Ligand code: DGL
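Presented below, as structure tokens, is a lone chain in the form predicted alone.
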């Protein structure tokens, strides 16, 4: 089977990496909309329009399934995307919620969601968690972490200062949903900031578990991976070599 993985830029490579490691597909077509990254500050209509253009791109490859690895797109555009495609499309929000719920945490546990402005303002994660009975949910916009990761800054004083800027007034949570696919790249630094106390919910691992529940099975060989981008494909392929 052939899977498409779509993201606004490089962040979705963390989801692709999980798919590669689990060998759920024979071929992965990755498309990063690097000409228009980031999506997080954009309005919902723009996000939906960009997502529908991505559907047109993947329709050229006869994919069997599409993973929308962008939390922002998952928050706003999945219904519109599904209306234009004849194959299953999965986002990352539902798998992330299920992954957290599978930790069997108390409903009084302190849950922190971090993501882009658009993802946090959509309230998708918050509403799903409240519906499951979680009472202590904090959602924090941490969009400046995205360009830091894109610049390859995964540790050191710049990242430490930014983490302190965002988290200095946050009590140590029991779990953190990494609500942007860039954030698994800096998950060690995030965990260390909170003394490695919280459970960290990684979209890539959550998607793999979700797909397995849907009946997808591990294959005997690693998939072929092809990287495409709307701009500077060479730069995205260089990042893929580092991250994958």
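Numbering follows the first chain given and starts at 1. Remember, predicted model here, so these are calculated numbers, not experimental data.
The following text describes the form predicted together with this ligand, which does not appear among the structures shown.
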Would residue 204 count as a contact of this ligand in the predicted bound form, using a 4.5 angstroms cut-off between non-hydrogen atoms?
no
Can you tell me whether residue 67 touches this ligand? I mean in the predicted bound form, with a 4.5 angstroms heavy atom cut-off.
no
Is residue 29 close to this ligand in the predicted bound form, meaning a heavy atom pair under 4.5 Å apart or at it?
no
At the 4.5 Å heavy atom threshold, is residue 77 in contact with this ligand in the predicted bound form?
no
Within 4.5 Å of this ligand in the predicted bound form, counting heavy atoms only, one of 188-196, 49-57, 175-183, 209-217 shows up; tell me which.
175-183
Checked 127-163 against this ligand in the predicted bound form; residues with a heavy atom within 4.5 Å, sequence order, are 146
